[in-house]
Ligand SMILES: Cc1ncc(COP(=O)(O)O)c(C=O)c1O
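As a starting point, one isolated chain is supplied in structure tokens, in the form predicted on its own.
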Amino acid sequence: MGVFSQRMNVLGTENAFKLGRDIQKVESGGQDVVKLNLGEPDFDSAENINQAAIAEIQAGNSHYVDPRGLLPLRRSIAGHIEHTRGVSVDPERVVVTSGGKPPIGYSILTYVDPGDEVIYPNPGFPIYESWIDLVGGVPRPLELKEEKDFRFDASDLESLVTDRTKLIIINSPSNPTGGVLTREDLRQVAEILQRKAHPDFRVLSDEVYEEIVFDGLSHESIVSEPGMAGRTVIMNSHSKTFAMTGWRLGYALLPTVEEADAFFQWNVNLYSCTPPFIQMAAKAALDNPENQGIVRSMRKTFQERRDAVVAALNRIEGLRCVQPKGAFYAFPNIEGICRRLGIPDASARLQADDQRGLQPSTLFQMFALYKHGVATLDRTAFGTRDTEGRHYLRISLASDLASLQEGVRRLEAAAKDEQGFAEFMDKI
């Protein structure tokens, strides 16, 4: 019997934050770092949102409130979903959470028993896999393929769905790939699930990047498909759309009031309630028409960065990058770079020597950080399963264009630095 419980052995993490320690080491050595690792908009929350929170604090609205969330905010959320998804929403089916992450854990805790199967995108947001493993669910990673622009279709999904499929997680637009599912994709997904999955299956639809879609595309939600409103949990947050990452404001729409009661119960057990002044600021974010223009401007900036960065990345020898359709990430394939620097052989030697499971993309990511001062995330940060032979990096476009251009320049320098990589490996 040790200090830590057994469950700590399977609890995962989010490397976007974990990498901070490595960045600090590099900076403490006197080298500056171009940080392209965090998925956080480089914009501040709008002044009208800030002022709404300040006014609430000054009015004394800083006490305990309904753990389900303030009714005025839940009504605004319900109205937003009704308008954008074309479905009827009872505010009693909306639960407000502190950030967008709680609905992931709540959904898996609420619906999944040990042995139940959970399908989730791979690569995908790492917290999906972390919770599946923690509760003893059976993980069924659904590969998002570069040749399909990191979408999945019926042929990818059908073989994974069984009568033990209790939950499927969908994320569109996708983190980390920027892939966007079409209305036809979602129609096929709905048909397969209703035909083959467990009778009580649920879909967790992660729609936190709903407003960040490019090239004139529109966000599509599976909740709008026939028969899916009563089976879908929509999770969302204000972090990406309104640049409110530190405010920690999210929400979930549940299929039934009874399921919303379960999420209410998780809130009670974990943190009682989301601060009321934050909730009223979140209502202002949704209700104030000024913010629609701010969001459009932010989206335009992200698209301009995407166009510039993807074009620059594709000029690097040994790298190719699909044009993302949404979110604010590029997800280039660096297999050619890895082979040119001899990284697959170096990775194999490490694993043979001491069983360190460092994939080639991980080694390049760390080399680029420690020797060239550019921070990115590698493929293994987005799911630990089926990563062999997948050589990708995630580059966050949530930095100013000058920083992005400098980051790409440093990646290109790293891609050509055979001697530097050999020296880096000698120190590992």
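Position 1 is the first residue in the sequence shown; the rest follow in order. Here the structure is a predicted model, which means the values were calculated and not measured.
The form predicted together with the named molecule exists for this protein as well; it is not shown, and the discussion that follows is about that form.
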TL;DR on 81-89, 218-226, 231-239, 147-155: the one with heavy atoms within 4.5 Å of the named molecule in the predicted complex is 231-239
Does Met280 reach the named molecule in the predicted complex if we count a contact as any heavy atom within 4.5 Å?
-> no
Please run the contact check for Lys101 against the named molecule in the predicted complex: heavy atoms, 4.5 angstroms, yes or no?
-> yes
Is there a heavy atom of Glu14 no more than 4.5 Å from a heavy atom of the named molecule in the predicted complex?
-> yes
Are any of the heavy atoms in Arg248 no more than 4.5 Å from a heavy atom of the named molecule in the predicted complex?
-> yes
As a check of understanding, the residue in Tyr106, Tyr209, Phe331, Tyr120 with any heavy atom within 4.5 Å of the named molecule in the predicted complex should be identified as Tyr209
Non-hydrogen atom within 4.5 Å of the named molecule in the predicted complex for each of Thr362, Phe364 and Tyr392 = no
In sequence order, the residues of 102-130 that place a heavy atom within 4.5 Å of the named molecule in the predicted complex are Ile104, Phe125, Tyr128
